[in-house]
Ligand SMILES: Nc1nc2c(c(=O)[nH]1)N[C@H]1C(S)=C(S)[C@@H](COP(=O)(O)O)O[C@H]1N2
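In structure tokens, the next block holds one chain alone, the form predicted alone.
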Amino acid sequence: MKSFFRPARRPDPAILREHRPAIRSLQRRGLLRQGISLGALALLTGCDAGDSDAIGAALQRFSRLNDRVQAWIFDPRKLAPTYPASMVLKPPRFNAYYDITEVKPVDGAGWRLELSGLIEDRAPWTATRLAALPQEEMVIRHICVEGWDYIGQWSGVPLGDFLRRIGADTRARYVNFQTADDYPSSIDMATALHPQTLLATRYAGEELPDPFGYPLRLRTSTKLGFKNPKWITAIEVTNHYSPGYWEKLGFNWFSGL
């Protein structure tokens, strides 16, 4: 019997404060790659280039603008490239805000997927009930914001099919996720309905291993890796924006590819 997931240790606040400059630096490099220097940013916003708080606020405004532009140009019908099974990395690469040694397995027998928000049928789902639904498989590239990537083979229930099955309001703006490791996340409804967005339960033809999200994780082909929460325990359909773990630290929310 697997033990219940005990939330992994959150980073020490002092460590987070220490890394905030690096996060801001990452955002600044992104702007530079798009042709906007800090000098140009100062001219555009009227802020003092030596004022880090003013620059940070300006970067946040550009980040929100970037989210809106990405959402506007996102094509919910366009499929991401797929790859042969021979390219699949086994096991997949672990990524989280803590080390793999801190992962505590979830008890699949006692696990329940809770539903809330703009949903008609909010009855919780068991792992067995989810496994009985029609499954799909995809071999796609996982792209991390840190610059690395790998090819993964994922199987599960298309999130769009699941949302329609439970009577979710697909006109709502957001789908929010809660997880066993206290990693809140949210995506836009267009991405949730994309045919390559799965509630994944298997990897490379086998039950999803504990360190990679057992019994349920999100796997989408159109978002950066940090937008794919693992060990999902709850789904909410809503029009209320709720920033995720990394968005609260300055990352772009949409983060589409």
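Numbering starts at 1 and follows the sequence shown. Quantities reported herein were computed from a predicted structural model and do not represent experimental measurements.
What comes next is about the form predicted together with this ligand, which is not displayed.
- prompt: Given that the partner is absent here, does residue 194 sit within 4.5 Å of this ligand in the predicted complex, heavy atoms only?
  reply: Judged by the heavy-atom cut-off of 4.5 Å, residue 194 is well away from this ligand in the predicted complex.
query: For residue 129, is any heavy atom within 4.5 Å of this ligand in the predicted complex, or not?
result: No.
- request: Check whether residue 123 has any heavy atom within 4.5 Å of a heavy atom of this ligand in the predicted complex, and answer yes or no.
  value: Heavy-atom contact with this ligand at 4.5 Å: absent for residue 123.
field: Contact label in the predicted complex: residue 83 to this ligand, heavy atom within 4.5 Å
entry: Although this ligand is absent here, residue 83 would stay clear of it in the predicted complex, with no heavy atoms inside 4.5 Å.
- request: Scan 95, 176, 135, 170 and let me know which has any heavy atom within 4.5 Å of this ligand in the predicted complex.
  value: The residue in contact is 95.
- prompt: Pick from 139-147, 75-83, 105-113, 158-166: which stretch has a heavy atom within 4.5 Å of this ligand in the predicted complex?
  reply: Of the stretches listed, the one contacting the partner is 139-147.
task: Could you list which residues of 222-236 come within 4.5 Å of this ligand in the predicted complex, counting heavy atoms only?
output: 225, 226, 228, 229, 230, 231 sit within 4.5 Å of the partner.
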